[in-house]
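Only one chain is given next, in structure tokens, and it is the form predicted on its own.
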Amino acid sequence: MTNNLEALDLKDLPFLNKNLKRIDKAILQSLPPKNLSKISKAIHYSVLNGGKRIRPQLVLLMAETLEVDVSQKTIDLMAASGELIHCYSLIHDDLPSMDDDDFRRGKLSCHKKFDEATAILAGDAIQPLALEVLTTINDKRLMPEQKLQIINLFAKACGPKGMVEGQSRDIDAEGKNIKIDALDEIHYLKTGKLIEACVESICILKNDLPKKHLKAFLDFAKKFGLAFQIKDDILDVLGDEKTIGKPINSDSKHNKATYPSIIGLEASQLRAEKLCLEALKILNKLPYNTDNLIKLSKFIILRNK
């Protein structure tokens, strides 16, 4: 692979749709029956409403890259867990007391479709469900200490050292002129930690993975996660409302601290591209088949809609 930063189209990534079927099947099998209760209906509504599924895609692609010696079901359940954590965070982020967004992925947010209490409880249910899914993995090739490490990793990503702290700082930063380093830290906690966990969880499964390779994959995850967030901020200004699934300029309307508001659109785009290039260079230097990870990175970070 080269470091050419030309954007890719979905037609260039047929493996994403193939993976998506595995991901959605694993997620659906992890959920309570839809008609069990009002909460279960809200869970299905929020979890099965599309989305890019970037986090579980990273899990599957990392497993493919490192050729880890566990069952496909184990990988699928890990992928489902990562996406469930993400979905829980979106439900809570959209609440009036948080980011106050009425739409998510082109549909009414959970609290608008149902009610605020139901949305809170649905999010409360999905978070432990994500960790429960990991505990149900039954694979003779997965060592108990590896399983414990993975559960611990995902728990940290969504707890007070991860997205919860990131969301708190994000709210505190509204209407303030914060430094770029502070914004980077907000999004590392809020978005990057879970992306990093999806990558590191597969590294845990690779026996005798050199420490320098683990460090390289984690560096890739950090650059990918930050570039991903910068691109989201740019698309909130320039994106197509139907494609991004919510009104554009919603961040500025809520006085959110964003990369375009702090360093401008052009500088934001240049920084996203620089991070993308750095992430690709890391992957290119590793002695594994990282082609699909590279394609995913280009597709997500360089997309224009």
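A residue's number is simply how far along the shown sequence it sits, counting from 1. Remember, predicted model here, so these are calculated numbers, not experimental data.
Just so it is clear, the following notes concern the form predicted together with ligand GRG, a form of the same protein that is not shown.
- Screening 110 to 118, 138 to 146, 203 to 211, 185 to 193 for residues having heavy atoms within 4.5 Å of ligand GRG in the predicted bound form returns a single hit, 185 to 193.
- With a 4.5 Å cutoff on heavy atoms, H92 counts as touching ligand GRG in the predicted bound form.
- When contacts are judged by a 4.5 Å heavy atom cut-off, T74 does not count as touching ligand GRG in the predicted bound form.
- Within 4.5 Å of some heavy atom of ligand GRG in the predicted bound form lies at least one heavy atom of C158.
- In the predicted bound form, at least one heavy atom of V164 sits within 4.5 Å of a heavy atom of ligand GRG.
- Proximity to ligand GRG in the predicted bound form, defined as a heavy atom within 4.5 Å, holds among H254, K34, K274, K52 only for K52.
- Taken together, the three residues E64, F217 and K281 lack any non-hydrogen atom within 4.5 angstroms of ligand GRG in the predicted bound form.
- Residues are counted as partner-facing when one of their heavy atoms sits within 4.5 Å of ligand GRG in the predicted bound form; in 210 to 236 these are F228, Q229, D232, in sequence order.
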